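Next up: a single chain in structure tokens, the form predicted on its own.
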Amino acid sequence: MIKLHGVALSNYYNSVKVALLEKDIPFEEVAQFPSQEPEVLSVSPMGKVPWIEMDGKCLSETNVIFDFLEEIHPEPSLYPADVFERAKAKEIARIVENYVDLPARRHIGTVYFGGPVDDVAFKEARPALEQGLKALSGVAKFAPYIAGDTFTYADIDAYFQIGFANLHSTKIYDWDITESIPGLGDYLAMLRERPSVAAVDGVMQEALANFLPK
């Protein structure tokens, strides 16, 4: 059985969890915060979560885990059948991860741990987020899913990574980024009704409510 290491506070952990539920792959959750301890670095080279463990072997990096799950459990597929459309779904996911989620992480010390707002991050993160959202608006289809007519890993990425970024943008800038792209808010609301997403999101929201500084 696959062991999924991480915590419900992690948007990437929750992304892998939804993928496992969508594919109906049995798994066990193992609570683990990110760490630079040697025992964690030996299985997750950057000390990040999530990672999965299977038959004594470990694999980290969410998009790599997605591809691995697709190989070992191809049905139901969470990528489009067409080779080009599959690549476009991956392109969308990378844009969400690198240009929406990543800039928002500049404020994680403030949002998650109650630290002071970093002046440099305050000036630099919003323009980077705006650029990332502009890029996303150029590739997102919302037809009805972000990459077309089928639910894919790109939708999983979009739901949790945009949600993470929005948590930061509303806290730091009083800016709801879901209003920045026409149709984005309605699209995320639609995903929230999907059973796998709703189940994982509910656990995440409870974890955030108990963890985030008041």
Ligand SMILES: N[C@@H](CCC(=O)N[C@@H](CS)C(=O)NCC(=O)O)C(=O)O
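Owing to the predicted nature of the structure, the values given are computational and were not obtained by experimental measurement. Heads up: residue numbers just count along the shown sequence, starting at 1.
Keep in mind that the form predicted together with the ligand is missing from the display, and what follows is about it.
S.K.: Any chance Glu61 has a heavy atom within 4.5 Å of the ligand in the predicted complex?
M.R.: Contact check for Glu61: yes, within 4.5 Å of the ligand in the predicted complex.
S.K.: I'd like to know if Arg105 sits close to the ligand in the predicted complex, meaning any non-hydrogen atom pair within 4.5 angstroms.
M.R.: Looking in the predicted complex, residue contacts with the ligand include Arg105, since a heavy atom lies within 4.5 Å.
S.K.: I'd like to know whether Lys48 contacts the ligand in the predicted complex, with contact meaning heavy atoms within 4.5 angstroms.
M.R.: Yes, Lys48 is a contact residue.
S.K.: Should Pro34 be counted as a contact of the ligand in the predicted complex, where contact means heavy atoms within 4.5 Å?
M.R.: Yes, Pro34 sits close enough to the ligand in the predicted complex that at least one of its heavy atoms falls within 4.5 Å.
S.K.: Can you say which of 201-209, 20-28, 6-14, 186-194 gets within 4.5 Å of the ligand in the predicted complex, counting heavy atoms only?
M.R.: Contact criterion met by 6-14 only.
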